[in-house]
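Only one chain comes next, encoded as structure tokens, the form predicted on its own.
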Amino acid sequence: MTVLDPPQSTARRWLGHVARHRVAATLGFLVLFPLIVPYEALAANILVLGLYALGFNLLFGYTGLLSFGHAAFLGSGAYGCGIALVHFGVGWFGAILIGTALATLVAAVIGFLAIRTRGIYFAMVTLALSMCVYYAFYQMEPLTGGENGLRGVNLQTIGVFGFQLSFLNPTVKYYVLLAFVGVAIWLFSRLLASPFGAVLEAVRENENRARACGYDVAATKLVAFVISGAFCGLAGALNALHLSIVPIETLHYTTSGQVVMMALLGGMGTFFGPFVGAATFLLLQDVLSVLTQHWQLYVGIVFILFVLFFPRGIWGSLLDRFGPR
């Protein structure tokens, strides 16, 4: 029998409570998060990109499918929301729904084509199809602004249950975004706790055994891909409202690479890991970009060190060391 010292035992009990009440613990932390980071705009960036990484983690961490094309869903959600607001005068809530729906549709098309492949071929097909989406939006300049991006996604006030809130106030903006992220986190937790969530992990662990048990592996992968795209599309729609602009780089393959880094830094296959990874990546970028124009080099070095020595990521390593047994 292993005797735990008091600090380790306390950490294990604390992480056990967090795991049992993961939605409440995550939301409680995110409510207080603006008090921790240097400024609220950075907190909003971490919140939105954490949701983006959460959607990616459903496919990568829980289903075992590595995609290099998730920027297509983030960008589709952002452009769908922005175009609805700027060109069609749709209300802010409806624009978010349109952006999420567009990303879900794009995910369904890409997923239908990509799940026919496996391994590195799956990753390359998602990358290629994502770049097709990039050039499609790039060429629709009257709607998307082309290389200049979509501008004018400006919300000064939003109506919520009859109240007018100033969206220019960074605190109000953060908590409005958090309301949507909170609902997404709750849905994500319910999904993982459902029988479908167990099937996802079965596919990840042994695809052939899952198929032998009677599960439709192809359909499971497609549904996971579409749901993952929907979460990322919601993140894109919220990002458009947050930034008041949709840069074309949102659809670029480098944005797909960033979400892979966030998932690995935080810990793939963990519930809170995507937000830890997003916070780590953006805080490193915020600090190092002030010190040097070659900040990407140092972020890359940190990423390599984590892959080599902490392959389970920051949160994954904490759970592995101190988590409940």
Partner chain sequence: MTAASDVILATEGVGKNFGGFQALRDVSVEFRRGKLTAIIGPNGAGKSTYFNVLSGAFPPSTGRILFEGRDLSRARPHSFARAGIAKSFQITNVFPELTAQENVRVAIQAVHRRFELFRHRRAFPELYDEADRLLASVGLGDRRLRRARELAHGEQRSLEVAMALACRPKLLLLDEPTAGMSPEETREMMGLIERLAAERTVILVEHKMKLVMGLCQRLIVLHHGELLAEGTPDDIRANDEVRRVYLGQGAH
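Positions refer to the first chain, counted from 1. Small disclaimer: the values here were computed from a predicted structure and weren't measured.
Missing here is the form predicted in complex with its partner chain; even so, the following discussion is about that form.
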{"query": "Joint contact, V109, I120 and A128 to its partner chain in the model of the complex, by non-hydrogen atom at 4.5 Å", "finding": "no"}
{"query": "Contact segment among 164 to 172, 148 to 156, 197 to 205, 98 to 106, judged by heavy atoms lying within 4.5 Å of its partner chain in the model of the complex", "finding": "197 to 205"}
{"query": "Contact residue in the model of the complex, from I245, L143, L192, A184 (heavy atom within 4.5 Å of its partner chain)", "finding": "L192"}
{"query": "In the model of the complex, the one of W92, Y138, Y253, Y215 near its partner chain [non-hydrogen atom within 4.5 angstroms]", "finding": "Y215"}
{"query": "Proximity of A219 to its partner chain in the model of the complex, heavy atoms at 4.5 Å", "finding": "yes"}
{"query": "is_contact(V223, its partner chain) in the model of the complex, heavy atom dist at most 4.5 Å", "finding": "yes"}
{"query": "Proximity of R209 to its partner chain in the model of the complex, heavy atoms at 4.5 Å", "finding": "yes"}
{"query": "Its partner chain contact at I227 in the model of the complex, heavy atom, 4.5 Å", "finding": "yes"}
